[in-house]
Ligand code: ADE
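Below you will find one chain, with nothing else, as structure tokens; this is the form predicted on its own, and questions on how it binds or moves follow later.
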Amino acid sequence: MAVTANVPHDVTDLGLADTGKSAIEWAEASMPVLRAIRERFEAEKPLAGLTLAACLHVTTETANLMRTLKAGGADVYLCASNPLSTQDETAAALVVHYGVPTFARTGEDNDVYYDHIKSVLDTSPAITMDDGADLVSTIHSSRTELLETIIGGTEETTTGVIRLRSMGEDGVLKFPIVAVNEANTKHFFDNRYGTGQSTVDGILRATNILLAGKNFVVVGYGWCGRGLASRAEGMGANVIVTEVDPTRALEAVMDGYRVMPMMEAAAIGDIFVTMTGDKHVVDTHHMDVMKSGAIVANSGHFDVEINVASLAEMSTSRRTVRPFLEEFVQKDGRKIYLLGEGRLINLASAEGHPASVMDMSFANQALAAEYMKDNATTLEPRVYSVPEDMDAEIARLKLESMGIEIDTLTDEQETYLGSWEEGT
């Protein structure tokens, strides 16, 4: 093994490193955009001298992002953004084969989770890289001394962007953040195709049920909900959507799905999947009317969307039936099944998004870090969108890697689009 004593870490088993390295290399084969960026970073070192603290899902795809940031000259420190999403073999490989200080263990408890956040923040980072905004919120609540060294950060998730925009609106956000999640090459693909496929994958691995013919309730019709509804429909499920936004609800109707209030869906649904970024969207009164055998899962970032504490309180018994599948028996004999402790099921029981999708998401992360380095002195402490030219360049690189060419505007067309004189 190549491990050295000077790579700080807290991982489950360094002996898994070789297995992790093979998996990281397999993922890299499907990440040509990030690979191209890494080659440029290796030559130009745009992040030289920067310390970067990342709180992300510790997966093979994330490992390739860490390699890219390190190739760019950054000193990178990584901790997990979710206790159940860590791949222990990936964490080991990052330490042993790639020299990335990594603090992540599958199933770590809440205290260890925040100890790991403390470990990466103790490095006094210049840039934060978040998946849910736990780094930023910790800095602003209990590590305010770090505000002297931080120039900015990035955020990957819808949930995190919601938290950060709220901080900005309240006037408490102290440094600029690039909302990677808002990039077209992120949410159109990662959220829709990645979450859609990986959530179905997680449900099937945890249950091995047949989706065809089931009433499949998608709670929230954002980009993740759109993707999941499409995949569930493709496997023969009868999709029902619940929403609070009238425009999204209307879109779900136009897409061919049944739309109804959650209380109505609760009584007829077989499978429920939350992906709203909000709290207790599946609550006590919903579970009170669910049919026996109902399966409840979450694919939102935090484990607050299902009221798991209430489910436990209203049950007479609780047992694990198979990995990531718990049975809760109600007083009237009904059985409700919870997947993955109410955490991200696509990462708890499956492997998250395919590498080819994360290729674009993590390309955005890498280029956003470079953008922050170059522009931090002129940015205000608020949430920024990914620059359009960066977004377009990532899409161009992805098409190029797929061997696909597109048209370009002629000079005449460019002139026409930029003028107003020519009409009917």
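Keep in mind it's a predicted model, so treat the numbers as computed, not measured. In this text, residue numbers run from 1 along the sequence as written.
Just so it is clear, the following notes concern the form predicted in complex with adenine, a form of the same protein that is not shown.
Heavy atoms within 4.5 Å of adenine in the predicted complex are found in exactly one of 380 to 388, 356 to 364, 66 to 74, 37 to 45, that being 356 to 364. Contact annotation for V178: none of its heavy atoms lies within 4.5 Å of adenine in the predicted complex. Adenine in the predicted complex comes within 4.5 Å of a heavy atom belonging to L347. Proximity of G352 to adenine in the predicted complex: non-hydrogen atoms within 4.5 Å are present. Residues of 42 to 81 that come within 4.5 Å of adenine in the predicted complex, judged by any heavy atom, are H57, T59, E61, T62 in sequence order.
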